[in-house]
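A single chain comes next, written as C-alpha cells; it is the form predicted alone.
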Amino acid sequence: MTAQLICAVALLLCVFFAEAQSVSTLMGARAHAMASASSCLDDEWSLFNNPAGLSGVTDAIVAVGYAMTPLLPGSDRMAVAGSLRAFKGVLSAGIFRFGDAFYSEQIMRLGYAHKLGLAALGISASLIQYSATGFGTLWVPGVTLGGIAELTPWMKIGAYVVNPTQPVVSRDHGERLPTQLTAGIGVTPGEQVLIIAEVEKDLDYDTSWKIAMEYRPLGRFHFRLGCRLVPERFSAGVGFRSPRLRLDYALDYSAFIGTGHHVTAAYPFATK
C-alpha cells in the first residue's frame, strides 16, 4: 500500500468517525467544469445538486456519471440517476457511491421539483450509508431543499440548503451531518452564453466563491470554464448535445489534491 493510499484512508476514517462529515455528492461533469457552480443549473443531475433544477427536465432521462482523482486512490465517485415528469412536476431517483473496500459512502436519493410560474421549488431525501473496514456501518437520513426563480428573461437566482435539520450521526458524541448553504446568480447575456456567480457556505468552514461560464457557439457543442476560491480550484470542460445523447467531460485542478476527471452520459427518452 502506497504512502498516498495510507494517508487517504487515514483521512477518510478521521472524517467518518471524528467529524461525521459526508463527501460532496455534487455530480455531473457540466457542473464540475463550471467550478461546481450548480445553484442555477436545471438538468438531470440536479438530483445531486439543487433539486429545484429538476424542473428543467422535459423528457424521461437516464444518466450515469463517474469521477476520479488519481492522486487520491479510493476516492472514486459514481452515480446513476433517472428522471421523468410525474405528479405535475418532475420525479427523480438515483444512487451515489464514494470510496473503496476500506471506506465507502452509499446514498439512495429521491427528489421532486415543481415549477410555479417563474419559480421552481425542489426537495430531495437521502438515505446515507457509511461503511469502514473494522468500524462497522452507519445509516443516516438527509434532506436538501432548493429553489430557482427567474427575475428577468436573462437573469435567474438559485439557492439550496443541504441538511438544514442537521441529522444526528452519533448521539453519544453529539455528531451531526454538516449544513451547507449555496446561492448564486445566473446571467445569459446572449443565447450562446451563460455566466454564474455563486457563494457556498458550510457552517464549519470558510465561505467559498465561484465564477463560471458556459459557451455554446455551435449549438450541440458546449465549452465551459470555472474558478473557485477557498479552496482554490480551476476547471474546464466540454459537452455534446443531441436529441438522443448527452455527453460531458470536466477536468479540474487543485494544488492540494491535483487533477480530477469527471465523465457523464445521459440518454433522454423523447415523449410525444
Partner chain sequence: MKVTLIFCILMVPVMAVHAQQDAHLQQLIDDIAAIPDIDVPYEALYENLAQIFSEPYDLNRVTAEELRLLGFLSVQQIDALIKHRESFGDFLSPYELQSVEGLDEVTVDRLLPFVRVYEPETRLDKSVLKRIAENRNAYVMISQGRVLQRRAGDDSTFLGSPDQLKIRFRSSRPGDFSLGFTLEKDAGEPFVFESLWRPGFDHLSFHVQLQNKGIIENLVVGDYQVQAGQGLLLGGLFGLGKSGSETVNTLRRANVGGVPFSSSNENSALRGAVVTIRFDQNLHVTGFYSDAPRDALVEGDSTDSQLATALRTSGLHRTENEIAGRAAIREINAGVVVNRKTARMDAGVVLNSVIFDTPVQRKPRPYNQFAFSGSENHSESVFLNYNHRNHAFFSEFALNATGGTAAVIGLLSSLTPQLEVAAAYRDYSRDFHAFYANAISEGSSVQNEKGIYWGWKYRLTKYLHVTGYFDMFMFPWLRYRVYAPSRGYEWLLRIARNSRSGPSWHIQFREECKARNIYGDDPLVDVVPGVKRNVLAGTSIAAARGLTLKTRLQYSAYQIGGQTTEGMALMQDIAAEFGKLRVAARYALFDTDDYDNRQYAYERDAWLSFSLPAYYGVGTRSYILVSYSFKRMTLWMRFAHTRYIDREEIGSGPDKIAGNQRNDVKLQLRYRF
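Positions refer to the first chain, counted from 1. Since the model is a prediction, treat every value here as computed from it, not as a measurement.
The same protein also has a form predicted together with the partner chain, omitted here; what follows describes it.
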property	result
Candidate from 123, 159, 195, 84 lying within 4.5 Å of the partner chain in the predicted bound form - any heavy atom	195
Answer option from 222, 228, 246, 30, heavy atom within 4.5 Å of the partner chain in the predicted bound form	228
Residue 153 within 4.5 Å of the partner chain in the predicted bound form, heavy atoms	no
Residue contact check: residue 213 to the partner chain in the predicted bound form, 4.5 Å heavy atom	yes
4.5 Å heavy atom contact, residue 234 and the partner chain in the predicted bound form	yes
Exercise: residue 189 in contact with the partner chain in the predicted bound form, heavy atom 4.5 Å	yes
Partner-proximal stretch of 204-212, 238-246, 42-50, 58-66 relative to the partner chain in the predicted bound form, 4.5 angstroms, heavy atom	204-212
